[in-house]
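The chain below stands alone and is given in structure tokens; this is the form predicted alone.
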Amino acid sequence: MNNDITSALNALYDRYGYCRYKMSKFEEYDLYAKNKDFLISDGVITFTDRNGKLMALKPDVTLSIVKNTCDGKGVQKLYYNENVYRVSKSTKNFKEIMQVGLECIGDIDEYCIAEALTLAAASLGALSENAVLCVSDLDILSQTLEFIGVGEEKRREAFGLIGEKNLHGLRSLTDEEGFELIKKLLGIRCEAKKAVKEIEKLLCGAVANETLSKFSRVMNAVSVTGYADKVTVDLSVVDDIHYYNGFVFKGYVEGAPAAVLSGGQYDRLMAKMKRSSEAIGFAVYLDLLDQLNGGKDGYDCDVLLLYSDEDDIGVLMKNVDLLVKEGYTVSVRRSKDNVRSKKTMKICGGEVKTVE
């Protein structure tokens, strides 16, 4: 299933003018050691190269792309499907994981942000009909926290509490009026256009007009696309403010235990790596899709075709070929073997017939 998803996502990014980016399987360990908080997993597999340098099998793609791309004017639109090596969320052990994603680096404007959000929603649509992209804005949250008296030294703690949905902890950082404001803000969870109106009404005077206007323009632009029904504004979605700024987002599909897509603007990471460019991107974590039941519709295949020793394998192959040419996915087996199929068939008198 993952190979089909990878091909579908690659084709999607190609259609939007993104170029395939290839990279080495490993980087100097120092790159990851300096940015451990940016990594999903703390575990990194290391080895010593013949020249004595400590190297690492790459646990992340974004850091490698930032390191190996030029820092200049214009916009670089890149996508990738690469194996990364880290502790899997599903198995808790080191695993080689296929990761697909895209990065937009350079002079990032509002269109670039809207396009990245749209492609994130479209990517989720390629994974499942039952999917949602939750979008937040760290600039809106940060300015709101400043307005209610949460100082810069407590800002990271506040973001952690927001991510944990810990309202009790947030109450201790501000007064009652401030707490009620942040509580109402975090309670907004709806489609983009409605959310924009509610946020503007709630935060008028508390957050810079340009910050609200930018959020409004981007989200209204996303709302006119064919993927608007998969987008929800949820300001409780946060990420590490030492690396991320502005728009951040996570994608969920029914049946997966955690977010299968994560992304955002990471201008602070770029600055930390001494780059003047801005950036936005996201990754799709295909290892989490292994836990879904079968394909997108819950089936392993369209047709389970059963056969026995008495069946003519030439007749069997001919009928399999016909079914495949008609567009069906076919699993040919001696028994059902817990295969989930839309229908079960078998050879009867040289013809394929449905089994009741």
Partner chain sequence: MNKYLNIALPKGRLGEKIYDTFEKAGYGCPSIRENSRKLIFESEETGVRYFWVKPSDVAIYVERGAADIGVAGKDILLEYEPDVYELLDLKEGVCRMAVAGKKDFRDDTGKTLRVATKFTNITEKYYLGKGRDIDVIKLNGSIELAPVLGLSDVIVDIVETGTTLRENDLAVIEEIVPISARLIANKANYKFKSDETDALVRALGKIVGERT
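Positions refer to the first chain, counted from 1. None of the values given here were measured: they were computed from a predicted structure.
The next section is about a form of this same protein that is not shown, the form predicted together with its partner chain.
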{"query": "4.5 Å heavy atom contact, A258 and its partner chain in the predicted complex", "finding": "yes"}
{"query": "4.5 Å heavy atom contact, S236 to its partner chain in the predicted complex", "finding": "yes"}
{"query": "Residue contact check: D71 to its partner chain in the predicted complex, 4.5 Å heavy atom", "finding": "no"}
{"query": "Residue contact check: S213 to its partner chain in the predicted complex, 4.5 Å heavy atom", "finding": "no"}
{"query": "Interface stretch in the predicted complex with its partner chain - options 143 to 151, 159 to 167, 266 to 274, 75 to 83, non-hydrogen atom within 4.5 Å", "finding": "159 to 167"}
{"query": "Single option in A131, M219, L203, I108 placed near its partner chain in the predicted complex, where near means a heavy atom within 4.5 Å", "finding": "A131"}
{"query": "Candidate from E254, E191, E96, D240 lying within 4.5 Å of its partner chain in the predicted complex - any heavy atom", "finding": "E254"}
